[in-house]
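One chain comes next, on its own, written as structure tokens: the form predicted alone.
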């Protein structure tokens, strides 16, 4: 039994060694039909009865047909794709077999207005590289951002004096001073943002120095930030129990599928109230409300009358009413002039 196994292993090893050394020439009873545009090869030779060696025969048949297809491809005109160092590419002919598609070909997208204008004016889209040559530094640098080409103003050996500026002012010192002010302003804004974020209820301090109360407050805010308001959030070790939630009474909705008997009783009670002759308005409560309003109006009317009587009794001795009391004197003098001269009152 062991000898048979060894013989089988040796035969398989010899077969593996012989497979790579097969000849590229393949003999067929009927020549294959090739469609090189679709990389298609049609073998019309009748298959042989495989029997127990079906897989190996199918593999051998596929290998022979692929070899014939590759041999046809090597007969096509070829060229280099990217210059002399590029890969060798064969130029496929037009396919003559129409292979079926699952869906129709997509329609070409209509050009946009900008594409039509660019085609009319001959504008071509060019992608700008991110690196440019810096003549001063004699090296390739970024076009934008940090360490960009020509972006260091300190390297300028000559600065033009702006219009309206003092010609005796040192422009280099001014540029350095402006830069320092800009750095200080940015630092001030950064510290102000840190102080604004450190206010109560604004989260943790960005510097990393938090007290126990701040950490507890941040943990509590993060816990209730979930959709369930922290109901299913696990507790941390040695974390105290959460205080009861503050807020009004939460509305409760009855389930759509639940106690049918209770739902029927509610609907019957509603129909009984609509069909009864008793009005839904509470007459006793309405009458009491009307009486209270009438009493309030009567009390307000009495207060107004008392105020008017007090104003009539408080008149000034000069005869006038209010601040214009002098008008009374003038009127009295005018009446004395119009009175005829006669006996005087004693």
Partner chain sequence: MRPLTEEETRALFEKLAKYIGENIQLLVDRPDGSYCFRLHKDRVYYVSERILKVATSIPGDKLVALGTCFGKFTKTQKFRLHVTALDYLAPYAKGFGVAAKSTQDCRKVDPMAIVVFHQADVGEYVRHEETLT
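Model, not experiment: these values are computed from the prediction. Positions refer to the first chain, counted from 1.
Below, we refer to the form predicted together with the partner chain, which is not included among the displayed structures.
Put simply, of 227, 274, 241, 163 only one has a heavy atom within 4.5 Å of the partner chain in the predicted complex, and it is 274. The single contact residue among 255, 234, 145, 122, judged by any heavy atom lying within 4.5 Å of the partner chain in the predicted complex, is 255.
Proximity of residue 213 to the partner chain in the predicted complex falls outside the 4.5 Å heavy atom cutoff.
Although the partner is absent here, residue 189 lies well away from the partner chain in the predicted complex, with no heavy atom inside 4.5 Å. Contact check for residue 251: a non-hydrogen atom falls within 4.5 Å of the partner chain in the predicted complex. The partner chain is not drawn, but in the predicted complex it has no heavy atom within 4.5 Å of residue 173. Contact with the partner chain in the predicted complex, judged as any non-hydrogen atom within 4.5 angstroms, is confined among 260-268, 126-134, 215-223, 177-185 to 260-268.
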